[in-house]
Structure formats: structure tokens, C-alpha cells
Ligand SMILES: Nc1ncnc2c1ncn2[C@@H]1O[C@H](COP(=O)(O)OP(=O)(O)O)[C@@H](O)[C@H]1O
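This document opens with one chain alone, in C-alpha cells, the form predicted alone.
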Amino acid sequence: MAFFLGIDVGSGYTKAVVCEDTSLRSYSIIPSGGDYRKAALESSENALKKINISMSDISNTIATGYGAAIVDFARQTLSDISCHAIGINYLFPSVRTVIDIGAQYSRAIHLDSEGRIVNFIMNEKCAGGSGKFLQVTARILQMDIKDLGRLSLTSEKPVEFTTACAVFAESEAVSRISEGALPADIVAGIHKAMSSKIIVLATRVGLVPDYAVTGGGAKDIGLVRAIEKELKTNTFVAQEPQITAALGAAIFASSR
């Protein structure tokens, strides 16, 4: 048996996964901060400590994500699109469309029956379908972002937003609050606006079931439910959806 390390350095969070051969053994998620190399090292050490091993026990390390090039202790880098595909195919072999909602952008990936990438698209220029939209919402409502999802599920009359742009939606949300709209209805409205924008994006790569939602946005149950409503079907969500790319990197490392 051998150990392999996958590191996903995202703009918001850095994730490290340790696999024993291809079996997930441990993971760690920490904020990326301003020093990507430090975050990669700290996250890796956290994951290693959980199973009482050290870097000397690692047979191979693959880095991916926004700051992958900074991880100088990795043997190789791989695109995060490829790593998401590997990770999702490992977890959910039937999935053909992956919707990844990260801190700064969202993207959709179309996979074939072998888990290979057919097409993908990224939404980098607008934060409307990304975790940034949720951060803005939490700040406006003075709430912890972790509480948004459950709150939105209690909504009875979601607010209809006229825009899916995070910048304009912020001022619109403030106006709705002054009009007396309930926080739950505002969050549900934001989720609806986000899900509509995400599905429009995903449609461009082909909406082929089964579907999976990954990234930090997948931790927001209200957003996931809104996406499922748009798709008119349930989606697959990993127990820890933020580590999909890091898991894929670790699995790829084991194959090398």
C-alpha cells in the first residue's frame, strides 16, 4: 500500500487529500490567504497528521487549482478541470454533467461514459453564479454564510430579483430589506437568481444527466435545491464537495 497526496489551491480555500492507493483516507480544508505555498503546505500537513503519517510517506504529490504552480514540493501540476472530472467519476461514475461553484467563479463540465472531458465552460468575469454572491448576501444580512442554505428553505415567498449580477443584486437586496422583505425570502431569491444563471451556463456544454454539484457552493443546501428545481431532478453532492479536485489529483498521482 502506498500514500498519495492531492492539493487543490483555490482562490478562496486550499484543500489537501491523502489517498492510500485510490482510497480516501484524510483531507484538510483551510483558507488560502495571500500565501498559496504556505496554505498548500499547512493543509497537507493537517491531512497527514490526521492519519499519523508524514511527507516522507507520500509516494507522489500532484497540485491543481488557481495556485498550483506555487506548490514547489509537488511532482507535477494538473488542470483543475481534469481533476474535477477524475474525482467526480471516482465518486459518481454515472455523472455526465458537473456544476462546480467556487469562490470566484462557476463552471460546467460535460463528461463521457468513461469520465473523460467532452466540453467545459467557465464563468470567470461575473460573480453572479459564484460563492462571491453568497458572501455578499451574508454580509448584507449580517449572517454567517453557513446559515444561508437552511434559512432559504423556510421561505414562503422568494424575492424576485431583476438581475443576476452580484454588484446590482447587492443594492437591490438592500432596497428589499428597507421595504420589509424577510431575510429568508431574500436568500431564496438570491438562490433562484444564481441557479438560473448557473443552468444557463451549464446548458452551453449540454445538460446531460446524471448531474453533480461540487465546490463550496454545494454546501449551501438552499442553492442546491434551487439548482435541482431548475433541472427538475436531484443532483449528486459529495459528503465533502469542496475536495473533489484534490481527490482527483490524489487519484491521478496514484496512477503515475
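Sequential numbering from 1, following the sequence displayed. Nothing here was measured: the structure is a model prediction, and the numbers come from that model.
From this point on, the text means the form predicted together with the named molecule, which you will not see here.
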property: The named molecule contact in the predicted complex: residue 81, any heavy atom under 4.5 Å; result: no
property: In the predicted complex, residue 108 touching the named molecule (heavy atom, 4.5 Å); result: no
property: Partner proximity in the predicted complex: residue 235 to the named molecule, non-hydrogen atom cutoff 4.5 Å; result: no
property: Heavy atom of residue 131 within 4.5 Å of the named molecule in the predicted complex; result: yes
property: Segment that reaches the named molecule in the predicted complex - one of 67 to 75, 171 to 179, 141 to 149, 108 to 116, heavy atoms within 4.5 Å; result: 141 to 149
property: Listed residue that, although the named molecule is not shown, lies within 4.5 Å of it in the predicted complex (heavy atoms), from 85, 159, 95, 103; result: 103
property: Partner contacts for 236 to 250, taking the named molecule in the predicted complex and a 4.5 Å heavy atom cut-off; result: 242
